[in-house]
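What follows is a single chain, given as structure tokens, in the form predicted alone.
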Amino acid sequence: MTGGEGARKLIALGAIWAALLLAPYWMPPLGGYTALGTRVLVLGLAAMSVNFLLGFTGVLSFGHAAYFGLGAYGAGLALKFLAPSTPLSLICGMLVGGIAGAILGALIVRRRGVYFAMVTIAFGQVFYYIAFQWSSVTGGDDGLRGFSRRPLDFGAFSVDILSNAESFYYFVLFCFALAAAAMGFVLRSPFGRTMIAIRENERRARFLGIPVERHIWIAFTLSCFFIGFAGALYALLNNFADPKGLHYSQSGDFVIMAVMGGMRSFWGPLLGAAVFVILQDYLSSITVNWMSFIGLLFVFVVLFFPRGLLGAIRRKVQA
């Protein structure tokens, strides 16, 4: 990497974090609101988790919403039945999503291509119907209610900073930063380089002696932990969890966000999530067919910007 490229990356990274830090101040004048920014962060983290597997390992999962939904239910059930602790609920949601992913990932890791994608859909739909039918625990189609995010308890004192929309945004931003840092650390490690090697040429990676199945399983498991954490944050955002969060259509939304933003870039899925969420919020207030317009935009991006919106922006800046 040349000095100029490094400087451009630092400037771009600084601009991203400055935009995120100042979002509660610049969004309202543009017609947005703070909760919309919080939703972008949460769904952006979910899309980045899908991209962790798809963009950097080359494995497509259409069932990742299952672990997102399990994270939401894990957080909600922990708050409702275990202890009124926000940090504990986040840990429980992340563990539920991640452990479920680790167990199922071991069963499907030898599948490739469309077979892998279809098996992930099948397992995801199993969790969806369990949540839908087990109404005594999950609330069924009405969803899980009766819980809410709690003040942060530090033992000797507690701080109620999560009831306000702006303070909760910064709490979610802090959680997002931790998850993004962990994700970036993994991708820059030798394991992350091995993931990319598998994506580029799995056969060559096998000839080099890399245990491909084990690496894909670890990548799948880590991705499930990250998306389970995003699901837990989503439950705290809405004070609600429902079976729709586990449905394969939600997985499709995450894939659209990742591909539209730029699936082989680290920050592309966050941009894709921002475009998706903002358009959804605006168009759904105008028409019930809002998804048709997002679908047309997705097709346009795939046809004319194969590297996604972030790739197009980078090419424009470098031109």
Partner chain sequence: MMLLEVVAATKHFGRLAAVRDVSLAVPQGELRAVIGPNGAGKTTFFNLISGLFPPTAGRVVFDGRDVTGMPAHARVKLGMARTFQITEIFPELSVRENVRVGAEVAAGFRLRPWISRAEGAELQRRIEETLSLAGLANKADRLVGELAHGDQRAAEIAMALALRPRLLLLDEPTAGMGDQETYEITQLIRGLHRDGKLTIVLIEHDMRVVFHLADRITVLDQGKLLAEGTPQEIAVNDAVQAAYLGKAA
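Computed from a predicted model, the values in this text were never measured in an experiment. Positions refer to the first chain, counted from 1.
The same protein also has a form predicted together with the partner chain, omitted here; what follows describes it.
Exactly one of the stretches 162-170, 239-247, 76-84, 193-201 approaches the partner chain in the predicted complex with heavy atoms within 4.5 Å, and it is 193-201. Under a 4.5 angstroms non-hydrogen atom cutoff, the partner chain in the predicted complex has residue 205 among its neighbouring residues.
Among heavy atoms of residue 113, none comes within 4.5 Å of the partner chain in the predicted complex. Looking at residue 129, you'd find every heavy atom of it more than 4.5 angstroms from the partner chain in the predicted complex.
In the predicted complex, the partner chain stays beyond 4.5 Å of every heavy atom belonging to residue 135.
Using a 4.5 Å heavy atom cutoff, none of 26, 39 and 314 lies near the partner chain in the predicted complex.
Between the options 152, 182, 210, 91, the residue in contact with the partner chain in the predicted complex by a heavy atom within 4.5 angstroms is 210. Annotation for 31-66: no interface residues with the partner chain in the predicted complex [heavy atom within 4.5 Å].
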